[in-house]
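Next up is one chain by itself, shown in structure tokens, the form predicted alone.
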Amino acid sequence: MKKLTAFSALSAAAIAIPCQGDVAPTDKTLSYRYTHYQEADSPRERTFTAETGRYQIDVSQFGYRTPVGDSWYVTSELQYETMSGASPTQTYKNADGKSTLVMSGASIEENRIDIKVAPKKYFSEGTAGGLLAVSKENDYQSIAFGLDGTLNILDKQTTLVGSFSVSNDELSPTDADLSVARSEADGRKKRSFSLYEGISQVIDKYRTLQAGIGFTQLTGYLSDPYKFEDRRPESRDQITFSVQYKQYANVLDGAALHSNYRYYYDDWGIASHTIDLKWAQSLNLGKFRVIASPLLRYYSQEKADFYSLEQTPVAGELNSSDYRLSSYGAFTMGFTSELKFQQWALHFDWQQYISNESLALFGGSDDETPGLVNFSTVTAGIDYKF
């Protein structure tokens, strides 16, 4: 089933603040990225079942970007993902009052393929783009459509940003006859609707500031059929507010500080805070140019109203012991890097993610959450422009 993957590809940060004139790129680019994602094993002393190994994911991404005419640019991507390992099915308090994790008994073997096409029109006052995305895996199918645009005003020092997207997903759980939850989820739909509005301001040639607000509504089957006693509402309204600040610095061959804060709230009772910091450093080494970008991220969230570790919750009431709905905090550290030489660019990125209930800023709990995930990702890639 489609999962909210904990990792995402981070593109190399731009060193200079981009100019506000929107011009369609003229290069054709072929690209490839390989990412390996590895979760740490569950703690043996807190896991009831014999299985402690968790997900390992391998992702291959093929990209092609090309100009079309004088003002269009089309980005396309094919992604193939293979996944294996076990996943948490329940967390409950045992007779000693300790949080205990139950893992799926057998190793899960899944694969997914995603296809995305995103055309963009460039004109003197801004851009207008679209997105079509199709995803298919063993037990989940999704199709999404989106529109986005920018509009430059006030001598192109201010840019209005907007986007809109919808998706329609269908579940088909593996071995649907093994449980009532899987059988009830088979053929069920999940839909999403998202809006984002923002404004970007050039402060001076060294600094930019952007702020935005987003709204997403999910409806349909939002429970997890693979988890025990997982019953969630059939709607979820999510609101985000974000602020991004970029500062150019005349260090060595140029650098930039990228900082971001995001506040999130939904009607399930979850509120979260995210702070991102990245330093993008450029180095010219003869015919080569290197962009190295160390990064640090902190995340904290409060638990959902119906999150519970009751081993036998009241029948029919909302309930979930999914660790992603618990109260916890997390740190991500790592770096992205790019080596450019003529038409070639090599990429290498690394991230380490560490989460724990004790790292939460607000709404912390005395209950340990052994299902919380720690993981690492390594990405290698190559681009060729022609």
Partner chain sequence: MNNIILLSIITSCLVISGCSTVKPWQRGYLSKDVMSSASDPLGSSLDNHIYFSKEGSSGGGQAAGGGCGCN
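Residue numbers count along the first chain shown, from 1. In this text the structure is predicted, and so the values were computed from the model without any measurement.
Note that the form predicted together with the partner chain isn't included here; everything after this is about it.
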Residues in which of 327-335, 357-365, 313-321, 42-50 have heavy atoms within 4.5 Å of the partner chain in the model of the complex?
327-335
Even though the partner chain is not shown here, does it sit in the model of the complex so that 189, 219 and 277 each have a heavy atom within 4.5 Å?
no
The listed residue (121, 116, 98, 231) that reaches within 4.5 Å of the partner chain in the model of the complex by any heavy atom is 116
Check each of 254, 126, 269, 294 and return the one that places a heavy atom within 4.5 angstroms of the partner chain in the model of the complex.
254
Is there a non-hydrogen atom of residue 208 within 4.5 angstroms of a non-hydrogen atom of the partner chain in the model of the complex?
yes
Residue-level question: is residue 345 within 4.5 Å of the partner chain in the model of the complex, judged on heavy atoms?
no
Can you tell me whether residue 264 touches the partner chain? I mean in the model of the complex, with a 4.5 angstroms heavy atom cut-off.
yes
Against the partner chain in the model of the complex, would residue 154 count as a contact residue? Criterion: heavy atoms within 4.5 Å.
yes
Go through 65-99 residue by residue and record those having a heavy atom within 4.5 Å of the partner chain in the model of the complex; state none if no residue qualifies.
65, 77, 79, 81, 87
